[in-house]
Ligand code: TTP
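Just one chain follows, in the form predicted alone, and it is written as structure tokens.
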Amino acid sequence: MGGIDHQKVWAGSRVILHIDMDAFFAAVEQSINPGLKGRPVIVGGTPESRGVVSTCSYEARNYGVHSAMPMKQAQRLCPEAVFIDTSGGKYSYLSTRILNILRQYSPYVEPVSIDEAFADITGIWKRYRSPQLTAESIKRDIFERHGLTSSIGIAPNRLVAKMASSSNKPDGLVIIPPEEVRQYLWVQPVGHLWGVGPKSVKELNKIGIITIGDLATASEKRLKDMFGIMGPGLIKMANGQGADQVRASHIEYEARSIGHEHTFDKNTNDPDRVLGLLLYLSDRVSRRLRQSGCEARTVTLKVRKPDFKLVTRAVTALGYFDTEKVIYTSAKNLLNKNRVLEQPVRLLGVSVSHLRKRAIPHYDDLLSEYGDQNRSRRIDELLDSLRNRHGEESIFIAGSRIF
């Protein structure tokens, strides 16, 4: 690699990086719960549900399981799999952390989904001596900080970079310099071209277009007759021509609120059941608040009655907080003040808003009624460390229940 003149190889071209996290949801679950490592994990729900697979670990893929497959079919193929419901907050939190790592390497980062993003490293790679060493450093940072592997593709434009990142998964790194773009693309089946779906493949195969190379040299008029205005565009893509602009997001997304809710299997106004769920929801919300590095000022209680009427009530504190005790006490006060338990409840939700990034690890207690807030936070942090090590459902606050 030392003998390659990277400046000459990439002269006049952008250097676009596409990163795709490997089996992201399943990998996150395996990272949080080490007992799942090496086991087939399927994320999306239970086999009894009518849902489909969101993603699955590579161990499950060896059995033929894949995304969008019905859960029952996935269970038939891999009966020993561990089935897990999706957890949006958990995945969003780690997605944000990964984007932050990318932004340490380039200010030009464009997320395109929760588990993939583009970055423009034109010129920036010189700090790390080559595009390859830049990508290897990014992959290493993500793995060391979060225990997750990623696949990266590097090319002169977005199209080729994205195709490259998916061609050697998991934990892959594929670099396609400008002079090798056609050589890389033209030998591949036409269905590998980004944006060409199964129906288009059938139509192209009918007229003898089997590879991307066949498409690259096809008649523009014939393609336009078949696909309209998209026809000429397909030919350009097959020749490796695509946009090289990364639309940088300079302002990190800040959630306006963080919340959890749950629907009872049967309507109830049993205080033990309602308060047990309220405590559980408050615990979940406080956990996500700390994971996000945020603190809040407002707690909102959401209640849906048997007639589906929705009632929301909120209270704003004098200072900021991120502990379960503050959230639960505030939500419980709202519940009692509004006499919620006089009628059965169908759904219960707790959320926090007016968020800000936590500036200091231990803040002054501005709420006299929560004078032991720092002690509560130390307890919460202990629970966080146990859950990080043993899994989200490994420990609960006494009295909290989900139904």
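Note that this is a predicted model, so its numbers are computed, not measured. Residue numbers run from 1 along the displayed sequence.
Beyond what is shown, the protein has a form predicted in complex with thymidine-5'-triphosphate; the following relates to that form.
Asker: Quick one: in the model of the complex, does every one of Phe24, Thr55 and Arg61 get a heavy atom within 4.5 Å of thymidine-5'-triphosphate?
Answerer: Spot residues vs thymidine-5'-triphosphate: full contact, yes.
Asker: Quick one: of Arg297, Arg97, Lys169, His262, which gets a non-hydrogen atom within 4.5 angstroms of thymidine-5'-triphosphate in the model of the complex?
Answerer: Looking at the other structure, the residue within range turns out to be Lys169.
Asker: Identify which of Ile114, Met230, Ile210, Val315 has a heavy atom within 4.5 Å of thymidine-5'-triphosphate in the model of the complex; exactly one of them does.
Answerer: Of the listed residues, the single hit is Ile114.
Asker: Does any heavy atom of Ser67 come within 4.5 Å of a heavy atom of thymidine-5'-triphosphate in the model of the complex?
Answerer: Yes, Ser67 sits close enough to thymidine-5'-triphosphate in the model of the complex that at least one of its heavy atoms falls within 4.5 Å.
Asker: Please name which of the stretches 114-122, 239-247, 71-79, 270-278 has residues with heavy atoms lying within 4.5 Å of thymidine-5'-triphosphate in the model of the complex.
Answerer: Selected stretch: 114-122.
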